[in-house]
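We begin with a single chain expressed as C-alpha cells, specifically the form predicted alone.
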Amino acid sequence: MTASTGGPDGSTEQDVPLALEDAAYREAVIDLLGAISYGEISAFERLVEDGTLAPSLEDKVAVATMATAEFARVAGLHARIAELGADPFAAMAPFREAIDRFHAHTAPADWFEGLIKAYVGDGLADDFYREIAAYLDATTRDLVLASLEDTGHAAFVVDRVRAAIAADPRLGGRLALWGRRLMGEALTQAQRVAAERDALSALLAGGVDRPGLDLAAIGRMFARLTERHAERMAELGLAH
C-alpha cells in the first residue's frame, strides 16, 4: 500500500509506502541503510589494503576494481537515507565501532586470508541483509538487493584459492580454520549490533503493512545463513 502526492497536473509526484509512515519502521530502515553504507566503505578500505599484498599486477588491478565497485554503491544508499529525512553520516555512526571491531579482530595475515575474508566475511553480511530485505518496502528492498550484487569477488577468489590449495594442500587446513573464525566473529558482532539497536530488532518483528518473524522463523533464518557459509567454503575447496 502507498500514499500518493498529486502534482498540479494530476500526476503522482511520489509514492510513499504505508510502512514508511510508521516512525519505528522508518528508523529501522535508516539504521539498516546506515549499516550497509558503512559496511561498503569498510569493504572498500579493506580491499585497498589487501591490494598491497597482491602477488601480481593482475591481482592488484582485480582487487582495485572490486574496491571501486564497493565504493560506488555508497552514493545510492546515502541518497535513500537523505530521502527518508536523515543524515547519512549520522546514520552510519552507530555501526562504526562494531564493524571496525570485526575488522580489527580479523586482520588477514597474508594474501589468501584476505581473499577468504573478502569472500566469506562479505558473503555472510550480504546474506543477512538479503534476509532482512524481504521485510522492507519495495523501493528500499530493491536498493538493498542492488547494493549486494557480486562485484567480482566470487569467481576471482574461488579461482585464486583453489589454485593455491592445489599447489599446496596444507594451505587448505589453515584457510578452513580461518573461515570458521570469520563466521564466529561476524555472528558475535551482529548479535551486539542487534542488541544495541532496538529499531533493527523490531524490524524483524513486523509492523504496519509488513509481515514479521517469530522465534522459529528467526532460527530457520540463521540456519540458512550457516548453510550458505558452508556452501561458500565448499566452493573454495575448504572443509567447514
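Everything quoted here is computed from the prediction, not taken from an experiment. Throughout, we count residues from 1 along the sequence that is shown.
What follows is about the form predicted in complex with a further copy of the same chain, which we do not show.
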{"item": "Option from 167-175, 181-189, 23-31, 41-49 whose residues, in the model of the complex, bring a heavy atom within 4.5 Å of a further copy of the same chain", "value": "41-49"}
{"item": "Residue contact check: Arg101 to a further copy of the same chain in the model of the complex, 4.5 Å heavy atom", "value": "no"}
{"item": "Partner contact for Arg162 in the model of the complex: a further copy of the same chain, 4.5 angstroms, heavy atom", "value": "no"}
{"item": "4.5 Å heavy atom contact, Ala199 and a further copy of the same chain in the model of the complex", "value": "no"}
{"item": "Partner contact for Arg141 in the model of the complex: a further copy of the same chain, 4.5 angstroms, heavy atom", "value": "no"}
{"item": "Non-hydrogen atom within 4.5 Å of a further copy of the same chain in the model of the complex for each of Thr106, Arg220 and Arg228", "value": "no"}
{"item": "Partner contacts for 80-115, taking a further copy of the same chain in the model of the complex and a 4.5 Å heavy atom cut-off", "value": "Phe89, Met92, Arg96"}
